[in-house]
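Next up is one chain by itself, shown in structure tokens, the form predicted alone.
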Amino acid sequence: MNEHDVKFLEDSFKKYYFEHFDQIHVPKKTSEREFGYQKFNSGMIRHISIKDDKELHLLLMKNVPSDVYCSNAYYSFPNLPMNEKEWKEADMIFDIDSKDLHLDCRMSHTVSICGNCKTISEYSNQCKNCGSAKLDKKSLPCKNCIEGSKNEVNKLSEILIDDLGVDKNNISVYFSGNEGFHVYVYDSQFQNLGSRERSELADYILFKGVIPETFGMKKFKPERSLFPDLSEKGWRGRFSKEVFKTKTKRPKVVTELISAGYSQFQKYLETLSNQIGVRIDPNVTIDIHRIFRLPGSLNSKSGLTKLYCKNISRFEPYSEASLLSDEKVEVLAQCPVEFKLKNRKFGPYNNEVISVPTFAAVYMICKNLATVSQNVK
């Protein structure tokens, strides 16, 4: 990213942190957490200890980071190297991203940027200009992507509460600031779990590693009575509701499953993973030393805010999380797809100088689809 774009982004981000510090969520036990940040065109700086709001605000205003992070873990010495921190416990965090849902709409709002000649075009697997296959894909998510992610969040919340006994008051949902959601579980019975145990928990949520016997199917002489009822909890109950639908349909469906045989049943279970499981990123859940984007901070992939969702069904991220200035700025834009922010449509733009609000300019620059116009000769 060139120096003019970096300066524009830093100025925009600094103004946000000055005017919207009330959006920043300083977590409980602040002094026991590790903080970190990145600057534009720079690497990660971590192992930082912060005591309170004032120190955090000073860090934001002094360094103007592109991204700010905070650990889900609690340490005795958060500012020391990892092997000296003395890990205590960690909140559980789940990442749900629309890119992992593989929705049909994705290609229609994904842009390809050639790593060789920098040509920008609509989604493709080969550069239309030079033929290179080295393409960087940038997604400008649509409403359908967000609705798909919301559905996964609701499924996850249901499993956490009904199957795992998590108090709903200990679950917080945040828009990630780009194209998904982070689900936090605080003060639960899982605080002291290590990576291995969290991996097993992630498998349960993903509906991964299931075997036919769990649902009553045997290789030889399967018994109808072993198949689950709709009233059961956990995997068996979810399987029943998804496959049988109602009590009256259960006998007929069980007969069909037994007739199809064990191998077919095993294949059928694999097709059910997306319906019964939740498409979380397991690597995020099992990592007890990861630092996560700080709630209330800006996401450098979009210029949008990582924002708390009080009511996820009504939450509109591309309106509510777009908090940068409306002040107009001229940019040279090469954005071949349309996107929507603050209930306004932008694009497509074909290598043209346009005047747009700062929030839209930042969004495109963060995705490498525009540059500030003072670079245009």
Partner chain sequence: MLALGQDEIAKYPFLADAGQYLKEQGFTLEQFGTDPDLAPLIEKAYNRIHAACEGDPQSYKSDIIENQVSNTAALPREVFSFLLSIVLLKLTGIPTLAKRFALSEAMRAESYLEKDLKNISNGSNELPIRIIEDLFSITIKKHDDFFVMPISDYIKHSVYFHEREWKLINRHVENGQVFLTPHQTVRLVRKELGTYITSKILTGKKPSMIPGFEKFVNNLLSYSKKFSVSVVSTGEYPPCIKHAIEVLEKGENLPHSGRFMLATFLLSKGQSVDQIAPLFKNAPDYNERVTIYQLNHLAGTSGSGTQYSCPSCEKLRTQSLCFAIPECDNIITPLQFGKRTK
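Numbering follows the first chain given and starts at 1. Predicted, not measured: the structure shown is a model, and the values here were computed from it.
Separately, the form predicted together with the partner chain exists; it is not shown, and the next lines address it.
By the criterion of a heavy atom within 4.5 Å, N192 is counted among the residues contacting the partner chain in the model of the complex.
Proximity of I161 to the partner chain in the model of the complex falls within the 4.5 Å heavy atom cutoff. In the model of the complex, the partner chain sits within 4.5 Å of a heavy atom of Y204. Among residues of the shown chain, G165 is one whose heavy atoms approach the partner chain to within 4.5 Å in the model of the complex. Contact annotation: the partner chain lies within 4.5 Å of heavy atoms from the stretch 79-87 in the model of the complex, the single such stretch among 115-123, 297-305, 79-87, 243-251. For the options D287, D100, D136, D95, the residue carrying a heavy atom within 4.5 angstroms of the partner chain in the model of the complex is D287.
Of the residues given (E223, E147, E200, D104), E200 alone sits with a heavy atom within 4.5 Å of the partner chain in the model of the complex. Heavy atoms closer than or equal to 4.5 Å to the partner chain in the model of the complex belong, across 260-286, to the residues Q266, P282, N283, I286, ordered by sequence position.
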